[in-house]
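Quick setup: one chain, the form predicted on its own, written in structure tokens, and binding and motion questions come after.
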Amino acid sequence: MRNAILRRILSSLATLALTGLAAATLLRLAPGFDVEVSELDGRTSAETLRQMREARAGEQDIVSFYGRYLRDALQGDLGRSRSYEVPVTGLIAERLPVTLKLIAWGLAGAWACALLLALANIAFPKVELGFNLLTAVMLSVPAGLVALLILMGQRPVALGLAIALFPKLFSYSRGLFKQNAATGYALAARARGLSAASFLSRYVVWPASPALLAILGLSVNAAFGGAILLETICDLPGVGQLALQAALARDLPLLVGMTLFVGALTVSANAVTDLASLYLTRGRGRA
């Protein structure tokens, strides 16, 4: 188990570092990176233009810039935003609670509905056609349209995130539950007259727990992606909206800091759920 934890930590750190480098490189190569909007304003003084160009001089060599950025990030300094002119750490700390609340409620709602309806499908197989139609309809609705409906109806933004995540979580959970319910020992237990609650908990849900934990980590990644869209359309001042604004403003320190911070959260979530899944699988194997 120790070796698995060490390998997971090393792979997570490598993934995080490469993700930050990729984000910095893509933004550096984006058209118009070296041009500030204020440079097109004839009222901008020559001294101001000189200071702006000097501030960007250290960003020309992306490898050197990223090496210095990682060194400072390890000391807790994520740099200073060029567009907001404040430390990146302060911006993230100010907006993070909004995004975490959105993701927490969205994930909780999506997972609760997905698991409950997946179990209902196992307990009442005749309603499977209705669940198939519901899933197909929800998968076909664009996420942007869901966000607009949430905004127009003045509903909680977390509801939009739950709606976006629910169909895939439901399909995956139902597939696992159906597979477990069809095993020989599950059918034998049901034939012996085991109660429905005991059957579902012991032979359907519990065997699926390692796989469900693994998909939980992936759902956190998907939730962060959905939060960017929802926060932008619904004008919610969270980390997702800040990331989009950083990309549009070509704010390299802010975007790299955002990428590393959000990447650290998602990588940590994946690592924890994967290790928990591995622990359950090995414990079950020893039993």
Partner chain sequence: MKRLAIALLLALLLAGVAGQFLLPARYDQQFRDQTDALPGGQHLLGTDELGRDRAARLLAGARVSLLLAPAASVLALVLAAVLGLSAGWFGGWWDRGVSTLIDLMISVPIFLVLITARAVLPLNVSPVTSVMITFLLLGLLGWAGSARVIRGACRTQLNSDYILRALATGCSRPRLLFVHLLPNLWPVLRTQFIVAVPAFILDEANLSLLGLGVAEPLPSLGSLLKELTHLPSSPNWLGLAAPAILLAITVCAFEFLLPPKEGSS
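Everything numeric here is computed off the predicted structure, so don't read it as measured data. Numbering follows the first chain given and starts at 1.
What comes next is about the form predicted together with the partner chain, which does not appear here.
- Proximity to the partner chain in the predicted complex, defined as a heavy atom within 4.5 Å, singles out one entry of 152, 74, 108, 116, which is 152.
- The partner is absent here; in the predicted complex, the one residue of 159, 148, 120, 104 having a heavy atom within 4.5 Å of the partner chain is 148.
- Although the partner is absent here, residue 141 lies within 4.5 Å of the partner chain in the predicted complex, judged by heavy atoms.
- At the 4.5 Å threshold, heavy atoms of residue 202 stay clear of the partner chain in the predicted complex, well away from it.
- Of the heavy atoms in residue 89, none are within 4.5 Å of the partner chain in the predicted complex.
- The shortest heavy atom separation between residue 210 and the partner chain in the predicted complex is within 4.5 Å.
- Within 4.5 angstroms of the partner chain in the predicted complex, the stretch 174 to 201 places a non-hydrogen atom from each of 174, 175, 178, 179, 182, 185, taken in sequence order.
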